[in-house]
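Take a look at this single chain in structure tokens; it is the form predicted alone.
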């Protein structure tokens, strides 16, 4: 399909979260765009934003779209198996409403085979149409990174795969309106590529985290080791720390699930997950040992955690490893305070800590868990001036490790 004919079509984005809404905004600058979400309160808020996107909670309007993109979350069950309930629910809604000839594209992160084996049958059942003759399907995995002003949608290549050449060509023409595209061999290849992106990062971080366990036992600072190692041209730098977010802690289990169903045990992938999941316990042990070394009873200690979201500069607490760290600290009867300029006191309280409107207080330890820009800009500000000379400062991500001012102010610990 040529560009001229593409712009005569209509796009509908189903699911207006941190993936769906930016996608809708991008398309709305080039093509009529409808945004659908079952959350009526969300729709009311989005309706007040000046944009070209027409937002609605009326599913019947999906029938006006030539391309329908499903952008809903994929979660894990309590047994760490893929929870596709949101995809199934969205597919049922789309199937009931989609018009004949539409192209339905899944954007959610899934394991290989979901587009063909899960999405397709639901669409056929609910619509009464036959895939291939009455409608087409495709897959294009999301790659949006919240809070990242560099790798924005328009500068991030979109992997696309239609069920046949015609569908792939139409998808290429459509997505080329907003960014560059890469044509994958088929939907299973595209689905696999998406999970590999996260698994590679998870396993590499796990390696560095395991090294930090070892070097801590040996009395060696991991950051010093990495600085020396990265002088070799082919060394890839990763930083130890807790791993959170909507993708990295979740996606490895997707591929592990389908691998085990195929008769293979993905030991490295699962070992990486186990290593990263253990990091909050490891950090807790470091804090407890340091408090005891200072003659402080942990049960009488007070700690302030700086940054309580799942990543820096993003006001999102979902899939948040800091919550597990808080839980571990409170198991030792430590009084835990929380300060985060991006969250309200109510949001901070819901994480299980005492909210602070300022961190100007005398405590036994500061933990810089999430280095928001406000913290980085305040290196010479009140946070650093108020600290007593004997305060314990835990910098989980090693943000200030190279700053000599910090080393002078604090009994500095990094992983």
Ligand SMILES: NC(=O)c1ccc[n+]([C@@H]2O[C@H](COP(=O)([O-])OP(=O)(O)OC[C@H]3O[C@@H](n4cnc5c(N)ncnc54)[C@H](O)[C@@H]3O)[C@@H](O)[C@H]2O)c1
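Predicted model only: the values in this text are computed from it and were never measured. Positions refer to the first chain, counted from 1.
The form predicted in complex with the ligand exists for this protein as well; it is not shown, and the discussion that follows is about that form.
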property	result
Candidate stretches 271-279, 174-182, 143-151, 223-231 - the one whose heavy atoms come within 4.5 Å of the ligand in the predicted complex	143-151
Residue among 320, 97, 109, 284 with a heavy atom within 4.5 Å of the ligand in the predicted complex	109
The unique member of 160, 72, 123, 208 whose heavy atoms fall within 4.5 Å of the ligand in the predicted complex	72
Contact of residue 342 with the ligand in the predicted complex (heavy atom, 4.5 Å)	no
Contact label in the predicted complex: residue 15 to the ligand, heavy atom within 4.5 Å	yes
Close approach of residue 203 to the ligand in the predicted complex, 4.5 Å, heavy atom	no
Touches the ligand in the predicted complex: residue 118 (any heavy atom, 4.5 Å)	no
Candidate site 196, 249 and 260: all three near the ligand in the predicted complex by heavy atom within 4.5 Å	no
Residues within 4.5 Å of the ligand in the predicted complex, restricted to 88-112 and counted by heavy atom	89, 90, 93, 108, 109
